[in-house]
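Shown next as structure tokens: one chain only, the form predicted alone.
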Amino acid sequence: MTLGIDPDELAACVQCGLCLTHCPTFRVTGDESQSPRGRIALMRAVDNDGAPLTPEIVEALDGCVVCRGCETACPSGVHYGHLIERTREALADAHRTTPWWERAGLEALAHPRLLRAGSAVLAGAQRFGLVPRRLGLPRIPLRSAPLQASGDDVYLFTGCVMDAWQRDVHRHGQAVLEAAGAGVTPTGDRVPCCGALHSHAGLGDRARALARRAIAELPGDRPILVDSAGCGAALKDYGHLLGTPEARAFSARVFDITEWVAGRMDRLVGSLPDAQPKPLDLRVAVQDPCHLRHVQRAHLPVRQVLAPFVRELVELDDDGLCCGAGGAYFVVQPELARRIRERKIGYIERAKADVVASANPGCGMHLGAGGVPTVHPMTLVARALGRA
């Protein structure tokens, strides 16, 4: 079989190796086949030379965390994310990856009532101590009142798992947006899932169906604000995923929530008594989710938004290296994810912070499972505003 990759994109890699130190799986294994350069060589061997898809090749291609840190480092502008997603789709279509239980779990994400019912069962199991803490799950609410619209200036994209498990983060984000003068419409069940996890798993047809639903449900030109880095990256990539003018226009309306708030800091700070923030007494380390830093290239606004509201911001000295969460990667590749996280925790410990700010729920859960106190930037800002 072939992978069906765009030959021009596949030929763009010049095998220089500058990506190697930015690849988390190569860093922890030292295995060339677990690097972007090595994986692209394997893609070429299959597509150009007719190499068979051996279990070893499938394992190497399926072991990528899809952090896309290699894209930031690449001098040739290789679209590695497109290459690996097309590869994953071919492998999943051939049933070489993505087993039935993973497909069933991902399908549940598109059905809000089913997801909430399953989450309620999981929440009950948590209360009885039946869910291992090493999984890093947040305390899942048994029930949570739905978000209420406060106006029609912006949409707040709420998504699937985050809305079921971490709806308070959405509440905090909405409170910050309202303090900045925006009327907010949460998307709720209208758009149950962005399809990011389906794309990562190679379920391209399902991801495209969810993308078309999102576009149909959110017409017009109202900005769509996202407080999950992975969801934001997926929504911004609909133009590529569907390849239509309508999809590209939709993606142009999508912003990470901190991108939008950073442009309205005067109104946010002006909403405070005497227009003077009272910073939280915290030393905060910023952990950049890969899909915010390497895909959206929108990690700097996090710092702009947080800076007035905490005592001190500190940077990690790892140049944005992945934490190992990778959407559902830490579920399907637990050992590699754990080894990647161990390296990340070393950088975090050197920062000597009170708390880590991460703009992606998966990163927060994965780091939390490793004992790192992690909180969403919007929660910190809402606390400082007295709105949490």
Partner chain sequence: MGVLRGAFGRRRSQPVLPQDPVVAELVDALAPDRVRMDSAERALFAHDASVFTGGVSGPVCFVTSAAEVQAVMRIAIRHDRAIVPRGAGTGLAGGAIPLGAPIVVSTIKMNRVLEVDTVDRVAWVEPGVVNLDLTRYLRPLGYHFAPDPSSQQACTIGGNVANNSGGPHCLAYGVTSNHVVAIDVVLPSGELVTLGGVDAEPDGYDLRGAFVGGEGTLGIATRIGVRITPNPPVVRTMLVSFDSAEVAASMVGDVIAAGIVPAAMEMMDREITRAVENFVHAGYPLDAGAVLLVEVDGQDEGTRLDMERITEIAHADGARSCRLAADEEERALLWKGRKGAFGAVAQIAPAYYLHDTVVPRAALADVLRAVYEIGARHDLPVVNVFHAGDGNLHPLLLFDPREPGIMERVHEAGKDIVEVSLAAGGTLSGEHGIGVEKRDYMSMMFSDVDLEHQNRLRRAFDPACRANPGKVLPASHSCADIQALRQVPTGVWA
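Residue numbers count along the first chain shown, from 1. No experiment lies behind these values; they were computed from the predicted model shown.
Heads up, the form predicted in complex with the partner chain isn't pictured, but that's what we're talking about next.
Annotated contacts: T185, E246 and F255 are all free of the partner chain in the predicted bound form [non-hydrogen atom within 4.5 angstroms]. Remark: D274 does not count among the residues lining the partner chain in the predicted bound form, judged by a heavy atom distance of 4.5 Å or less. Interface residue remark: D31 is counted as part of the site for the partner chain in the predicted bound form, having a heavy atom within 4.5 Å.
Residue contact check for A337: none of its heavy atoms lie within 4.5 Å of the partner chain in the predicted bound form.
At the 4.5 Å threshold, heavy atoms of G63 stay clear of the partner chain in the predicted bound form, well away from it. Along 67 to 86, these residues reach a heavy atom to within 4.5 Å of the partner chain in the predicted bound form: A73, P75, S76.
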